[in-house]
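A single chain, nothing else alongside it, follows as structure tokens in the form predicted alone.
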Amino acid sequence: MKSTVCCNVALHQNLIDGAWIGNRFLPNINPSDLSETVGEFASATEDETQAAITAARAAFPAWSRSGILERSRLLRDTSQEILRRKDEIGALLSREEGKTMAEGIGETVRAAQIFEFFSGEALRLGGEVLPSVRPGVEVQVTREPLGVIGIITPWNFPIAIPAWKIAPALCYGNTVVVKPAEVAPACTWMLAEILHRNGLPRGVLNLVMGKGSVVGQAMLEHREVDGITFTGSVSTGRRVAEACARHMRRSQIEMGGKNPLIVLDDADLGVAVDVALNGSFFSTGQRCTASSRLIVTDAIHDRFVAALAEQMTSLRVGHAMEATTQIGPVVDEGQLKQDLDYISLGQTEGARLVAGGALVTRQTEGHFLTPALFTDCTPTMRIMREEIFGPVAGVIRVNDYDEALAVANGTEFGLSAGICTTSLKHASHFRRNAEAGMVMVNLPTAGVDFHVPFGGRKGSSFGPREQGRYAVEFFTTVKTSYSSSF
């Protein structure tokens, strides 16, 4: 039994060693309609998590030596099925996470593109043949799969992030134990079901849903896990890094951001407002790449704030499944409380709330919050230094580009950074001098392609980059072989 219906609610089990198991379930609640349970999803025990890791270890020898055509076909078939079912899966994503339907379908398409990309990469894994300094000796440099990969994913991109971790892991011959966020497990369950049904051998991918304190901790402490790839909060990411260091285990950790968007005096005002509106507030601001620090030079500051606030008032906040909705609900009660606490803190710190930040009532009970914009912010305010992870942004007024750059770089984070300008000189200088892993010019800080590396610097990321061809750095290990001619 992988999924059944009890009391009109579907029950979804964990996938361990090719079998669907589990008899303890947690509800997945629709943040747009708190009366709707999207489904009940299994809550794995420590023993079940250890069984999943054991299964992955047992499956590794055969899968790591499987044919590249087999892996490519599996990833391609998965991509095609996701694409065929994009409306269905996108609706599921919107129901469990709260993104608008357009965003839910768009993210689903991105997951399909990721699997398609890695179906090609499975056929392109290269190496080197080099001459030795010794006569008659040949050197080969090859890449081999790392081993058993523990995958821990967040709730804000419930299909794209699992896809960009699972697809390269399988592509390069690793086996997987994946734990999705407790708040939004449905899309990862769907991915596991599709891969299983498309012929993935037993034990190659194991799905263990449930509490991080149980499932995640068991993964971190198990000696048979060769690498952990994690995306989530800063505090949890640091604990993951410490645990991996204790076990001398490879880690890939994506954490938070407090991303700056600089708006210079010479910026196109319409472009700057559109960029800020999208980057700061779309997806309900629940993106690690969201531009929550708007750093605006003096001459354009008042016009920019007025235009942005006016655009914000026209945004439709509502049920994620309604066609007119532009901003969906906050994901759950805990995140909503955090957003409201920071809005209150900002006012206490002396920032001026010029738009939004209010709870709104809709036909269904949900976590609906209007996007909030602060002005009169200073770089030392907590709302300008700590990641809120909600639809909240603040404006810092600066004198010129040099001050703007210093403020932009004056943070412990370094994920994404943007600038709005018509000056080639400033754009070029910013690309070179922004202390971030990703830089955007006249584009939102949130929004990246699936075929290029993703990741940050400083406190935002630790370990090799994700996505694109750079994924090979985490999911494989390098072997150097010497051979003598006979």
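None of these values were measured; they are calculated from a predicted model. Start at 1 and count along the sequence shown; that's the residue number.
The next section is about a form of this same protein that is not shown, the form predicted in complex with a small molecule.
- Contact annotation: of the candidates Thr188, Gln335, Ser79, Thr289, the single residue with a non-hydrogen atom within 4.5 angstroms of the small molecule in the predicted bound form is Thr289.
- A heavy atom within 4.5 Å of the small molecule in the predicted bound form is found for exactly one of Thr231, Thr108, Asn174, Ser280: Thr231.
- At a distance of at most 4.5 angstroms from the small molecule in the predicted bound form, none of the three residues Leu146, Phe462 and Phe474 contributes a non-hydrogen atom.
- Stretch-level contact analysis of 429-437, 24-32, 39-47, 448-456 against the small molecule in the predicted bound form, using heavy atoms and a 4.5 Å limit, identifies 448-456.
- Although the partner is absent here, Thr284 sits far enough away that none of its heavy atoms falls within 4.5 Å of the small molecule in the predicted bound form.
- With a 4.5 Å cutoff on heavy atoms, Asn156 counts as touching the small molecule in the predicted bound form.
- Proximity of Ile327 to the small molecule in the predicted bound form: non-hydrogen atoms within 4.5 Å are absent; the residue sits far from the partner.
- Interface residue remark: Phe413 is not counted as part of the site for the small molecule in the predicted bound form, having no heavy atom within 4.5 Å.
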